[in-house]
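Single chain ahead, written as structure tokens, the form predicted alone.
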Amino acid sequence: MRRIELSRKARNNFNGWLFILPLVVYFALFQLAPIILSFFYSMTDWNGYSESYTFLGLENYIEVFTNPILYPDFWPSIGTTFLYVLYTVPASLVLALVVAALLNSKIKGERFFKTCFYIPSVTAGVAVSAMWIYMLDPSYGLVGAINEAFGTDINLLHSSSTALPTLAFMSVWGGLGYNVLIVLSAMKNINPQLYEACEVDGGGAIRKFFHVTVPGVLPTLFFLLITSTIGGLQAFDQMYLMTDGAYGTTTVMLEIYSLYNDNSEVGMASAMSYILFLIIMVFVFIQYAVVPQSDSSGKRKKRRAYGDTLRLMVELQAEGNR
């Protein structure tokens, strides 16, 4: 009897591995193998097409940190990338929270608005960039019409003071729908009794938002904070398609691409990509250490802002989640 159970278990395991085999093969060939190869190439001087190369060890990494004359644009591109993240991440989270709260207030046409907000997220990046290029062109499109009507000379993509904020605004607009749907789904899962308890304690809409809604979606906001930061540090599409890195919009990814595609320095480009990976890991670890991920930890402090009834409801829900 035991042999039959073991054989059945082995057969089930075999069937399970058989089902995921295509995904395992895809991951091994197109993700794991490039990661390993790029790490190896980062320690060589390979140019991407020759059959020979020299193994340099950590020399490429040392060159990045000690030779700013040879690679003068790498560290400025990191500063540009950090500034882009500072523009996009807080704005994305705040707008997603506000819009999701509005959609969660049982307004008419919720499905219609969700669809409208989500359309940019499923539209190809090239098509979105082409639309914005047309709108922002100073001779025609929306900005061109404003220039003609008021006699101005607005050129947002050809100014060092406005190019990066404009690309950041476009990024926030494009990703808003995805963030809103994620936050809205988290709001739908908040226990309605918490809002009722807040009303019993005399709380209005603002108090319910800050003391029930926001704590209820904190884990979701933390998830979006991580993913938005990683996406911002890897920004490439808009800069490449709309400004080609001009006017202070060269990000780290664009600098790596330029080094690889224009200069054929595959080894150095690979080294820079791993430096970017380490920067992303540091950002993620800092966020995990600093940003509160939940409002229901075992050592949470009791806040007087909650009434007695509301505090009891929050604690009951926290215990239930455990």
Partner chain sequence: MSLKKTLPLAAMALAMAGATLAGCTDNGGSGAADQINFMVYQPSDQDDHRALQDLITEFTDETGIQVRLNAVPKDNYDSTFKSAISRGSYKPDLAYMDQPLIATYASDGSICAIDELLAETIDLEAFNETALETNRYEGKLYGLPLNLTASVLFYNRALVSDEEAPETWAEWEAIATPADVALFEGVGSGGYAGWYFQAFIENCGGKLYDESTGQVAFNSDAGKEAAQFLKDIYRNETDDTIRSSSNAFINGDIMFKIGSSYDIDNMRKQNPNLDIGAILMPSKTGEHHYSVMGGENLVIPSCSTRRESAMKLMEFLMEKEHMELLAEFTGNFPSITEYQVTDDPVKQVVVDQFDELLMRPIVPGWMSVNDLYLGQAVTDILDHEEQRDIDEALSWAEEASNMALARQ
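Positions refer to the first chain, counted from 1. Between two forms, the rigid core is defined as the largest C-alpha subset superposing within 1.5 Å. Keep in mind the model is a prediction, meaning the values are calculated, not measured.
Beyond the structure shown, there is the form predicted in complex with its partner chain, which is absent from this document and is the topic of what follows.
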Contact check in the model of the complex: 25, 29 and 259 versus its partner chain, with a cutoff of 4.5 Å between any heavy atoms. Do all three pass?
yes
Quick one: of 285, 55, 65, 49, which gets a non-hydrogen atom within 4.5 angstroms of its partner chain in the model of the complex?
49
Heavy atoms within 4.5 Å of its partner chain in the model of the complex: which stretch in 92-100, 200-208, 151-159, 225-233 meets that?
151-159
Do residue 289 and its partner chain come within 4.5 Å of each other in the model of the complex, heavy atoms counted?
no
Using the partner position in the model of the complex, report whether residue 192 sits within 4.5 Å of its partner chain, counting heavy atoms only.
no
Contact with its partner chain in the model of the complex for residue 11, defined as at least one heavy atom pair within 4.5 Å: yes or no?
yes
Just checking whether residue 79 would be counted as a contact of its partner chain in the model of the complex - the rule being heavy atoms within 4.5 angstroms.
no
Could you check, with the core superposed, whether the Cα atom of residue 285 shifts 2 Å or more between the shown form and the other one?
no
After fitting the core, residue 257 CA displacement of 2 Å or more between the shown form and the other one
no
Core fit, then residue 27 C-alpha moves 2 Å or more between the shown form and the other one
yes
